[in-house]
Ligand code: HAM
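Next up: just one chain, as structure tokens, the form predicted on its own.
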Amino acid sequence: MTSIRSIKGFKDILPGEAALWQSIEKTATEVLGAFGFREIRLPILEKTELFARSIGEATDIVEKEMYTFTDRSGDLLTLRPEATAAVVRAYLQHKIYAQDPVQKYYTIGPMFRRERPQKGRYRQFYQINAEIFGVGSPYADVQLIVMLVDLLERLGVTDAQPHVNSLGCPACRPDFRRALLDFLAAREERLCADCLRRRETNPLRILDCKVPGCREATRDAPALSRFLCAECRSHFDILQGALDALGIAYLIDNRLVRGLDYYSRTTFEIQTSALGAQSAVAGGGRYDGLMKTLGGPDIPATGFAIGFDRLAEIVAAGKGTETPGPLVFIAALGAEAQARAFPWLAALNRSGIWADMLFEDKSLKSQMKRAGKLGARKVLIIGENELAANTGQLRDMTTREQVPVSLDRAVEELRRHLGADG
């Protein structure tokens, strides 16, 4: 009988890697909290209509990539392919805007898209999302970029560079659309099938195509920045001025568009070459029209998403993954020693100290081998002689030095030697 394996594009996060993920998440929550963001936790299942209306029915995500099914009551449900629409849905459903329209939220969790699995990209993938509601100022966009730069610096990603662009607004985008369509008409034979379809539905997204032939064909495409209305131009100029004032180096990237229909004005990515080729680890921008599209009031919004899987690979490549071990391993030799030691183990564990021991009667050699495999910092050795003398031996696994430990005060002395008093 063949063993059952995980689904293609879905991965297990094993303990060593999970420890790294916990460290990244802890740093992220600290940074997000310092900038005033509060956590919101959301269902992974939503009504399909939410994503069809927000992302856009003509997008690849809705047409090809969503995990959608009909439940027993006949409702069409989808595993969330992204988080922003769900955060907006919660904000509107609970009428949070009536209490205070200005809100800063973050959420961390899995998303689902049936894309082609590849390095750093999975069908169940994880994101850190941050959203600012109720603020139309470009300084909100700048705050998100600053927060991303700060987070990546704290995680040791030293070559992160923001790429920024403006997608304009419904008032200034039609002129650009006409200019782009005229440009593409002379190059349609060089475009892939997806881009030919996008030309009719959302030609802006052709600039985001990764097919080499399409990228070459659109290399000299008109820049949207040339078509910005006065308000969008002012918004983009203020954003650049604020980044300059903070000393944050950035690149204006005219090809930078978002794959989701709800974006407008500011769009940005944080790119790094830590995994070889230049690639984005985070991206976002402004989506002022989404609230209204989903049936709510006309409230501005901006946000970003960090690809957690890719970020973890970058952080691991920079400093390696260290699997922590117990602070102390109790090598109890014989039934009497085990009965004496087990309450100490429980007391240490319950006080927040990682301690471990074998629950089987093994030789000292076997127990020391186990302690080394776990990466224990110290080992408390208790055998017949130690029980008779009422004194155990605490061995440092690095220096091999041993110090006596009174068994009557084992927990207190272990805490002292481990530097965990109080």
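Everything numeric here is computed off the predicted structure, so don't read it as measured data. Note that residue numbering follows the sequence shown and begins at 1.
One more form of this protein should be noted, the form predicted in complex with the ligand, which is absent from this view; the next part is about it.
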- prompt: Which of 300, 303, 168, 326 has a heavy atom within 4.5 Å of the ligand in the model of the complex?
  reply: 303
query: From the list 206, 332, 282, 224, which entry has a heavy atom within 4.5 Å of the ligand in the model of the complex?
result: 282
message: Please pick out the stretch from 233-241, 262-270, 198-206, 246-254 that is in contact with the ligand in the model of the complex, where contact means heavy atoms within 4.5 Å.
response: 262-270
Any non-hydrogen atom of residue 288 within 4.5 angstroms of the ligand in the model of the complex: no
- prompt: Could you tell me if residue 129 has a non-hydrogen atom within 4.5 Å of the ligand in the model of the complex?
  reply: yes
query: Any of the heavy atoms of residue 258 lying within 4.5 Å of the ligand in the model of the complex?
result: yes
message: I'd like to check something about residue 310: if you look in the model of the complex, is any of its heavy atoms closer than or equal to 4.5 Å to a heavy atom of the ligand?
response: yes
